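Below sits a lone chain in structure tokens, taken as the form predicted on its own.
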């Protein structure tokens, strides 16, 4: 499948890349736009202008040094802990599901869920900031009671794609899950 343009719940563009490695293995990658240099410049200039105004009245150079330090540390923390470049979902029919998040700094978090623990993959709905949003999630089996659900693992938490994108991923996942059961 080819790249398609979708939007997240805020209307920002995201892209979905579906790769079929075999009939039992598919990977879905949702990518967000890169960090906007314009926004970085606006935030940096705002903080530095405010610091310069304070310096002008106080004549304290620590204010300027503090502003530089705060903006640099703030940018590094944002890139390392907040800004997710892309999230991926790798579904391997007989093995399980791997969920990965790659941050702008290069840091990556990966989680694997065994197929024996998966009850189903569903699209769920939630209320978020005065609106109803949809999200894809994995239902995990309760070890003591096979028909019950022990927990819910939400997917694509950072990119928050809209329903049309989730439906495409959902149908493809269900196709693989139906072949394995």
Partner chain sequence: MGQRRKVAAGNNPSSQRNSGVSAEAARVHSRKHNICMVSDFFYPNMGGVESHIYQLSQCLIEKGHKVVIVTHAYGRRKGVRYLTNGLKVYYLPLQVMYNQSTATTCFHSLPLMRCVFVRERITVVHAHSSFSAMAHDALFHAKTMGLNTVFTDHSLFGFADLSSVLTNKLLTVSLCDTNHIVCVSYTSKENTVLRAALDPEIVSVIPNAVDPTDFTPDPSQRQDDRITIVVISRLVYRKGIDLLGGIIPELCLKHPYLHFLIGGEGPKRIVLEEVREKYQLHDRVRLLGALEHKDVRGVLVQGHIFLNTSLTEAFCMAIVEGASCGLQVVSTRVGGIPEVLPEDLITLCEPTVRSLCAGLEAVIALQRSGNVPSPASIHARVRNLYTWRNVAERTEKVYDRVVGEQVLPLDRRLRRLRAHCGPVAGSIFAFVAVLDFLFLLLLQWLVPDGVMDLAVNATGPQQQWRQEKSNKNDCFVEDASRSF
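Computed from a predicted model, the values in this text were never measured in an experiment. Residue numbers count along the first chain shown, from 1.
What comes next is about the form predicted together with the partner chain, which is not displayed.
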Partner-contacting position among 18, 14, 173, 9 - heavy atom within 4.5 Å of the partner chain in the model of the complex: 9
131, 36, 59, 144 - the one with a heavy atom within 4.5 Å of the partner chain in the model of the complex: 131
Close approach of residue 25 to the partner chain in the model of the complex, 4.5 Å, heavy atom: no
Partner proximity in the model of the complex: residue 139 to the partner chain, non-hydrogen atom cutoff 4.5 Å: yes
Residue 123: touches the partner chain in the model of the complex, heavy atom cutoff 4.5 angstroms: yes
Answer range among 25-33, 114-122, 59-67, 44-52 for contact with the partner chain, defined in the model of the complex as heavy atoms within 4.5 Å: 114-122
Residues in 145-177 with any heavy atom within 4.5 Å of the partner chain in the model of the complex: 162, 163, 167, 170, 171
